[in-house]
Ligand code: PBG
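Given as structure tokens, the chain that follows is alone and in the form predicted alone.
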């Protein structure tokens, strides 16, 4: 008896019907989270370079855009506030809290609203925490105190989820304790648990006005974001944030760290988010714009890779285009 032909593997690839029936990984629109940016004092919405369809919104345009997103099938959002006033300490969180309150007053339970919790858009130096007196290091405990105040203000304003993105030690536990003590135990805590220092954040830093200022003695975020060459640190951070009460854990960026997303999601049985960051998204858009690859196929392939690696949810700048672009 002869051995089976190699063709036996190809029978299940031969037409669209059987390919659809045998797929193991499926994308759904309700698994996508749309980031949005709102800036205080802006007269009109401004396009973000490289991020097709994404604007730095005004408070009024944010509400209009959210209405359009709901019509496009998007229900989950990650909000970044960009206040006009900046402070090194005792930061005023009222601008972003006000936008959360306005969104929830207008759309209520029709949307799930996560609020990014960080200091970078609110400090004069652009770093994610409070600088020490010498300006060359972040004061961890002082930073955690500010972050906790921000998370509490956002949750009190109605955020369904608070998402600390700063990478300070102990901030998840401090925020969880403050939420519970404040009667906000139902607020979800999504931790940027595995966030690497990356060259792929460029368009985001324009949108959030959050690049470290060059006059600071601390020139980059290497002293608090993860080193791409230290995967063991990713495990330690994820395990710590899990123990401190995180409900959802995140890997950021996505594509360069699919190996960690795969391994962590298999070992730690919590929901995992992946952030398809601005540089990754803009690179795909640039390929498509230059006619070097089909736009829809590019985005579908990358989103499928995130799901295959274990992501429960994907934060992507293209969520609002997914129904039309990807037929979701």
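What you see is a predicted model, and the numbers here were worked out from it, not measured in a lab. Residue numbers count along the first chain shown, from 1.
Only in words, not in the display: the form predicted together with this ligand, which the text now covers.
The stretch that touches this ligand in the predicted bound form, counting heavy atoms within 4.5 Å, is 116-124, out of 97-105, 170-178, 116-124, 236-244.
Interface residue among 277, 38, 33, 264 relative to this ligand in the predicted bound form, by the heavy atom within 4.5 Å criterion: 277. 128 is the sole member of 226, 128, 189, 79 with a non-hydrogen atom lying within 4.5 angstroms of this ligand in the predicted bound form. Residue contact check for residue 154: none of its heavy atoms lie within 4.5 Å of this ligand in the predicted bound form.
Residue contact check for residue 221: one or more of its heavy atoms lie within 4.5 Å of this ligand in the predicted bound form. Taking the partner from elsewhere, residue 317 is found to have a heavy atom lying within 4.5 Å of this ligand in the predicted bound form.
Using a 4.5 Å cutoff between non-hydrogen atoms, residue 200 counts as a contact of this ligand in the predicted bound form. Across the proposed site, 93, 143 and 148 without exception lack any heavy atom within 4.5 Å of this ligand in the predicted bound form. Taking a 4.5 Å heavy atom cutoff to this ligand in the predicted bound form, the one contacting residue in 152-171 is 165.
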